[in-house]
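Given next, in structure tokens, is a single chain: the form predicted alone.
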């Protein structure tokens, strides 16, 4: 979306399984400025693994979030993700973009394991100015039902979608804005949410592979409740504590191992497809799970590469007062995805 002649403020809306996050970025000065942040919890099991089980409850929560956040703008940028979204780098015969648009559905049939009659497709040519018989194309396919359900939810909440993005692209967008010097390397983005962990791998600034793992902060909390007899509140305190706890370490080790295996499998898939490609230089964590004490160290030891928590406001101007009523250390790790959405207008 172009900046001039259109809205100067962009609302990024991230509807997660545990929390709904709302971010407003003001583009009016040419330099994006974080103008507002609001967060609200979602009732348990209203959203399961990204699927909205009770649209009425979720729509009410979104309306309430806009009201308490004082956001009147109805157009939002939101995203879809999960197993019903495929992001894949493919090769096809070199041609003009207009010609590629005519044949992309046929090309997608070779790579997308969905019924093509029920798929929304988009693509981008990654090397339009190079020569050769083949060109690299980033293919994105989402089940049409997934997109339609997200649009229906927004309608129920009295909103409209300006852009329907993909989770992996929004994370990449926020990362590129805040870590421009790292974008030339192959890096991993690990967004650890309530129920699902998103793995994204970027090469030369392009998302080339995405994977979802059914591991999130909820799994850690349930481990502690089941095996340590802790209440949900006490388990959450351990997970968000500033220091590691011996009571938590076994679960960080075991769940961290699961995450590391998922990352290794994704990297191995890329290595098989491109044996001469670069190795992953670093992993950046985001999401509520990135605050779990010791998890970054476990992943770094297991994968033998540096792991650090990403800061979605590292290079972003922040308006005075945005975090006055929020615990900044707790909230900022949650904002990688919604900030990436709200930066889209830039």
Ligand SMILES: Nc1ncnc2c1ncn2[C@@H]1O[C@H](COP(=O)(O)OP(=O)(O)OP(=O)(O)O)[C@@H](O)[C@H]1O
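All values reported here derive from a predicted model rather than from experimental measurement. Positions refer to the first chain, counted from 1.
The following text describes the form predicted together with the ligand, which does not appear among the structures shown.
Sole residue of 192, 77, 174, 168 within 4.5 Å of the ligand in the predicted complex, by heavy atom: For this set of options, the contacting one is 192.
Heavy atom within 4.5 Å of the ligand in the predicted complex - residue from 208, 196, 224, 86: Only one listed residue qualifies here, and that residue is 196.
Options 26 to 34, 54 to 62, 304 to 312, 284 to 292; stretch whose heavy atom lies within 4.5 Å of the ligand in the predicted complex: It is the stretch 284 to 292.
Exercise: residue 184 in contact with the ligand in the predicted complex, heavy atom 4.5 Å: Output for residue 184 is no: heavy atoms all beyond 4.5 Å of the ligand.
The ligand contact at residue 240 in the predicted complex, heavy atom, 4.5 Å: Taking the distances in the predicted complex, the answer for residue 240 is yes, it comes within 4.5 Å of the ligand.
is_contact(residue 324, the ligand) in the predicted complex, heavy atom dist at most 4.5 Å: Outside the cut-off, so no.
Partner proximity in the predicted complex: residue 11 to the ligand, non-hydrogen atom cutoff 4.5 Å: So residue 11 does not count as contacting the ligand.
Sequence-ordered list of residues in 222 to 238 near the ligand in the predicted complex, where near means a heavy atom within 4.5 Å: Heavy-atom contacts within 4.5 Å come from 236 alone.
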